[in-house]
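Given as structure tokens, the chain that follows is alone and in the form predicted on its own.
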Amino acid sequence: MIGEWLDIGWVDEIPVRGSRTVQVTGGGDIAVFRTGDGKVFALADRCPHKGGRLSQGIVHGGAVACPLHNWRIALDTGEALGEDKGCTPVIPVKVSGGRVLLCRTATMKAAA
């Protein structure tokens, strides 16, 4: 039986106020972010506006700025902030024993 959580590595491998990507075979990438206060979030690696790679954006507070048009996306909800409208899929994530775990079902669905 396949486990419910995917172990993607050590939390320390994700730069503070930065991200790393997880490639999903046959699908899009997942961006995993680490905020300045050490919280970890995961989103589909595409902005809802023009598909920019959110993993290449700048993390500030609880949001990431898309590198294409500076849309700010909330890391906890995937929603565009301010007057912008749109949402990118959120993947449940947890840290256990210093390891970052992504929900397998949500990861596969978001990457499809």
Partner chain sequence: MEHQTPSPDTREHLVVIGNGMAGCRAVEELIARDPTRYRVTIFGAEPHVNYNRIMLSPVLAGEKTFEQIVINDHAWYATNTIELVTSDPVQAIDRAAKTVTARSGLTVSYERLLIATGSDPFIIPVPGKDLPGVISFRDMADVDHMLEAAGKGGAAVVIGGGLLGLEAAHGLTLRGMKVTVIHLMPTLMERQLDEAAGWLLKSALEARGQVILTEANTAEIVGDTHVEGVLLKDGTVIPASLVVMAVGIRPSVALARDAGLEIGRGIKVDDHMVTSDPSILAVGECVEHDGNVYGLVAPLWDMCRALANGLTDSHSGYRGSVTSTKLKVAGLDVFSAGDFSGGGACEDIVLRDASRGIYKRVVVKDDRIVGAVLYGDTTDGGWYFDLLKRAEDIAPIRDMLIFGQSFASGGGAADPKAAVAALSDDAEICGCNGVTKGKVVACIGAGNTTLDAVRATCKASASCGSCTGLVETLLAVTLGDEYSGERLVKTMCKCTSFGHDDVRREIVAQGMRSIPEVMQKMSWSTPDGCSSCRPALNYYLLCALPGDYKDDQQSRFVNERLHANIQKDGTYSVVPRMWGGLTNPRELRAIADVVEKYDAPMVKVTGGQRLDIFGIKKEDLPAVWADLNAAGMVSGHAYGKSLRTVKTCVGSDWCRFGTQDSTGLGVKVERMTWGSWMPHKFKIAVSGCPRNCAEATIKDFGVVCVDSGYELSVGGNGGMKVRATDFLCKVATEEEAMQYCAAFIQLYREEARYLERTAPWIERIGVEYIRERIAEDPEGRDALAARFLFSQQFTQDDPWAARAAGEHREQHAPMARFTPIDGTREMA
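Note that this is a predicted model, so its numbers are computed, not measured. Numbering follows the first chain given and starts at 1.
From this point on, the text means the form predicted in complex with its partner chain, which you will not see here.
Taking non-hydrogen atoms only, Asp84 never approaches its partner chain to within 4.5 angstroms in the model of the complex. Although the partner is absent here, Arg53 sits close enough that one of its heavy atoms falls within 4.5 Å of its partner chain in the model of the complex. The closest non-hydrogen atom of Arg17 lies within 4.5 Å of its partner chain in the model of the complex. Its partner chain is not drawn, but in the model of the complex it has no heavy atom within 4.5 Å of Lys94.
Along 10-32, residues Trp10, Asp12, Glu13, Ile14, Pro15, Val16, Arg17, Gly18, Arg20, Thr21, Val22, Gln23, Val24, Thr25 each place a heavy atom within 4.5 Å of its partner chain in the model of the complex.
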